[in-house]
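Given as structure tokens, the chain that follows is alone and in the form predicted alone.
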Amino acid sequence: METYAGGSTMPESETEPAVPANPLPVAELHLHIEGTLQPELIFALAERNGIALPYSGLEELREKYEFTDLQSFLDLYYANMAVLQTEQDFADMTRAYLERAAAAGVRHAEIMMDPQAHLSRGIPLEACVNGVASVLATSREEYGISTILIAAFLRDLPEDSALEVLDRLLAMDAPIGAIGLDSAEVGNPPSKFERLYAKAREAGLRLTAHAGEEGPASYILEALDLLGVERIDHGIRCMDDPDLVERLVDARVPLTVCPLSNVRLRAVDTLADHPLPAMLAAGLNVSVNSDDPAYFGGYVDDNFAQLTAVFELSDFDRARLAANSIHSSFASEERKAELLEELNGREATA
């Protein structure tokens, strides 16, 4: 195994392509802030908070980053969250992501956080929300990245739990702009959360949900028709349903695809098997995102680099993916125009 992208590992059969020195400006729309927790930061926070980790060192932890499916990843993901105890911990994690994202070309980020995962550990809601939000409040000035915070709810928990947490977030006037739905997909269809999404819609929040990663194409339909989402996170299983593909193309529904994540979680066998080229060829509105980059072998620029190496993406394809990410964001129209102007300027000088 070789170390890759700040401490995670990748199979020996894969090689690390060179990352462009000046990546295209993009919006990252599918990013879990807890999934940016690099091994080095996990150990640093554990030491600061007096937490004994069940790993002898960095290498033993990194060895656990070989996942067989989504659940094997989630087990490690939630276990490592134990080091997040204070508002400062959440702030440090967020700052570390923004520093790396800025180098990756990210100019707008819509960042998911899992409040239920922290409440279940006895962490106050204010600590996790305020810790992340305090850094996002100045992200544009400090990192050149505009940001939106998304409250993501765990689909393997009852809807009543999600409703209670959403009520608390609204009562504290938390600076969230959208809600999402994540965690174990199989057996937890979007239809479980109709009331949650109705309440969020009434509160004026934007709506997105994970669907069609491990779950079937029918979950994408449920997310659209029952939850009324504006955007689908993952969505690669849409390719199993030609009628659904046609609908998604006609409506320009955004799909936030995470190629390296799909490979590491065995949703596809290898990157060469990924449906992204076929999705582009079908006219789907796809963007490239990193999901949980500390665990899956790379940030947005790493995803672009490996896709380019495997599929020989053209400059036009990369620019199209970048433009899709900007158009598909929940940013203001003014911010989108700024980002598209920056992208078009980069293309003109390329």
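Numbering starts at 1 and follows the sequence shown. Model, not experiment: these values are computed from the prediction.
The same protein also exists as the form predicted together with a small molecule; that form is not shown, yet it is the one meant from here on.
>> Quick check for you: of 170-178, 206-214, 85-93, 274-282, which stretch puts a non-hydrogen atom within 4.5 Å of the small molecule in the predicted complex?
In response: Within 4.5 Å of the partner lies stretch 206-214.
> Does any heavy atom of residue 70 come within 4.5 Å of a heavy atom of the small molecule in the predicted complex?
Replying inline: Contact with the small molecule, yes.
> Should residue 264 be classed as touching the small molecule in the predicted complex when contacts are defined as heavy atoms within 4.5 Å?
Replying inline: Heavy-atom contact with the small molecule at 4.5 Å: absent for residue 264.
> Just to confirm, residue 77 within 4.5 Å of the small molecule in the predicted complex by heavy atoms?
Replying inline: It does: once the small molecule is placed as it appears in the predicted complex, residue 77 has a heavy atom within 4.5 Å of it.
> For residue 116, is any heavy atom within 4.5 Å of the small molecule in the predicted complex, or not?
Replying inline: Looking in the predicted complex, residue contacts with the small molecule do not include residue 116, since no heavy atom lies within 4.5 Å.
>> Using a 4.5 Å heavy atom cut-off, which residue among 183, 130, 188, 146 comes into contact with the small molecule in the predicted complex?
In response: Spelling it out, the residue with a heavy atom inside the cut-off is 183.
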